[in-house]
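Before any questions on binding or motion, here is one chain by itself as structure tokens, the form predicted alone.
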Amino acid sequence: MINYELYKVFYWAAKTGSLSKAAKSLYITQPSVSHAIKQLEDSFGITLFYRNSKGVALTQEGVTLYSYIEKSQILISLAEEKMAALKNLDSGELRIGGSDSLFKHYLLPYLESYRQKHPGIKLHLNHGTTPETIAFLKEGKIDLGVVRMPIVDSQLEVMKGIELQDCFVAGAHFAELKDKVLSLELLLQYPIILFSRNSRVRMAITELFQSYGYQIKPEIEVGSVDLLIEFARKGLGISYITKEFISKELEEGSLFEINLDIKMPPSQVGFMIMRNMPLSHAASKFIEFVKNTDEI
């Protein structure tokens, strides 16, 4: 078995293209670097470097080895960073991905309280649709994502959060509907306002209508909860929106819920992480904080 330190020397010599720079990075002497590389080459029985005017360069075989060693070094560096973060929550960062609406209307109170408890933790929020959030997670740009479920992906682990109830709402312009119970067929005779097509909410309501044999075609498509609220208040149509996000508007009467002759199923919000990959201490503590708060 080859000593890991030899691979470490090989990595820095290949990365810097210089034995002296590798020695400086590793805080060892240049002869020690040369000796380590010779040991590695002798172990494999092949030449890994050749000298050029700038220092050293990799042979074809060296390039192949480097493609593997580079990945291992990145993983080791990540592991060291994770271990350092385990010490305490006085420093570190919390990287979360999700939609604007879930950040503003669901996560914001938790983020505010968490930050007050741990002011040294830096917050990095990556806004995006569910497919974009999944991509952020797989690319290592975020520690966790907050998304609407279901999420079916063997690489991901999803932990259930709270349930949300979506509904159709309207403003004063459609006041005649306030005390009526509408069928889906009758509802579709009115202008409908929905989230953009790539949102999980839009996919869910489309599938629900299809299950009853209807196609829901919006008059207006928007990209934020705020626009769903304002367009409905202005009478531009009937918006499909999360009830918990408009409690103020429902209470003050600027919006009212459309009563339907079917029961609208609740939606589930979940936290999404990479399967079999360790979470940062800050991220795991945040998930724990949200769960404990929800149980109070």
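Throughout, rigid core stands for the largest set of C-alpha atoms superposing within 1.5 Å between the two forms. It should be emphasised that the depicted structure is a prediction, and the values quoted were computed from it without experimental measurement. In this text, residue numbers run from 1 along the sequence as written.
Keep in mind that the form predicted in complex with a further copy of the same chain is not shown, yet the notes after this line are about it.
Only one segment in the set 126 to 134, 221 to 229, 92 to 100, 196 to 204 has any non-hydrogen atom within 4.5 angstroms of a further copy of the same chain in the predicted bound form, and it is 92 to 100. The candidate spot formed by Thr47, Leu65 and Leu75 lies fully in contact with a further copy of the same chain in the predicted bound form, as each residue has a heavy atom within 4.5 Å of it. For the chain shown alone, His281 is a contact residue for a further copy of the same chain in the predicted bound form, at least one non-hydrogen atom being within 4.5 angstroms. Proximity of Lys117 to a further copy of the same chain in the predicted bound form falls outside the 4.5 Å heavy atom cutoff. Among heavy atoms of Ser53, none comes within 4.5 Å of a further copy of the same chain in the predicted bound form. Of the heavy atoms in Thr59, some are within 4.5 Å of a further copy of the same chain in the predicted bound form. The listed set Ala175, Ala79, Val181, Leu208 contains one residue whose heavy atoms approach a further copy of the same chain in the predicted bound form to within 4.5 Å, identified as Ala79. Of all the residues from 132 to 152, the single one having a non-hydrogen atom no more than 4.5 Å from a further copy of the same chain in the predicted bound form is Asp143.
Once both forms are fitted on their core, a CA shift of 2 Å or more is seen for Gln73 between the shown form and the other one.
With the core held fixed, the Cα of Leu58 is displaced between the shown form and the other one by 2 Å or more. Core-superposed comparison between the shown form and the other one: CA of Ile246 displaced by less than 2 Å.
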